[in-house]
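Shown next as structure tokens: one chain only, the form predicted alone.
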């Protein structure tokens, strides 16, 4: 059973080496892929030096394209399980291991590491990392919107700490929103009938640099999320490839 952990990153040279090493220490059996989203610094070089495979996009295309690239790589190579952490160091690899274990055990197809799930039982997790005010407002709105349009309760719909099995990787490889892709992915997975689960995880502040998401961008993303979820709720279920078709597709020459 092969596992891939991919890390979308844009100008994260200050953190990426530590993130890659953390993943390799906690999941030595997994392959590590850094998707360099057109960085203008040495993110790609530092990632390679730390032992990661690097896929460099020709220019900055946004988080959605970077995440989709990770899933396309996983689906095309044929990994059985796929985990994701962000390149800024907010997601400890030990927490990803807990999330991956839920998928590997067969409890679910998709597992999300949530900052807000069951915080009464885990009060330390509720205070380990707090997003900025406008982002917290967006998360509350996204939580309500996604829960209403998918028919399933979510507490942390923008979390980038997650794991999927092969079926989830196939679904997530095909279409992404450019901003906050997690919303569309979770909505599609729920409508497709995948088994989704959230567990409480501890996150931390970024290791270096600062987020590219400004207050103005946050407001813009909130507006786009309304459109994405509204349109997504009208989509029909997609026909999925059988195991035999997937193997045949991967075997075809490019």
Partner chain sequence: MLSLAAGHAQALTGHARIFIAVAAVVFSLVILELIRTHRLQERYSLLWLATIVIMLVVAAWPGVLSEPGSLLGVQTPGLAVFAVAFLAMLLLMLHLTATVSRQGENITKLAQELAVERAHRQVLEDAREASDG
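Positions refer to the first chain, counted from 1. Just so it is clear, the structure is predicted and the values come from calculations on it, not from any experiment.
One more form of this protein should be noted, the form predicted together with the partner chain, which is absent from this view; the next part is about it.
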{"property": "The partner chain in the predicted bound form reached by all of 57, 65 and 72, non-hydrogen atom within 4.5 Å", "result": "yes"}
{"property": "Listed range touching the partner chain, judged in the predicted bound form by heavy atoms within 4.5 Å, from 75 to 83, 163 to 171, 107 to 115, 89 to 97", "result": "75 to 83"}
{"property": "Non-hydrogen atom contact residue 53 with the partner chain in the predicted bound form at 4.5 angstroms", "result": "yes"}
{"property": "4.5 Å heavy atom contact, residue 61 to the partner chain in the predicted bound form", "result": "yes"}
{"property": "Touches the partner chain in the predicted bound form: residue 191 (any heavy atom, 4.5 Å)", "result": "no"}
{"property": "is_contact(residue 33, the partner chain) in the predicted bound form, heavy atom dist at most 4.5 Å", "result": "yes"}
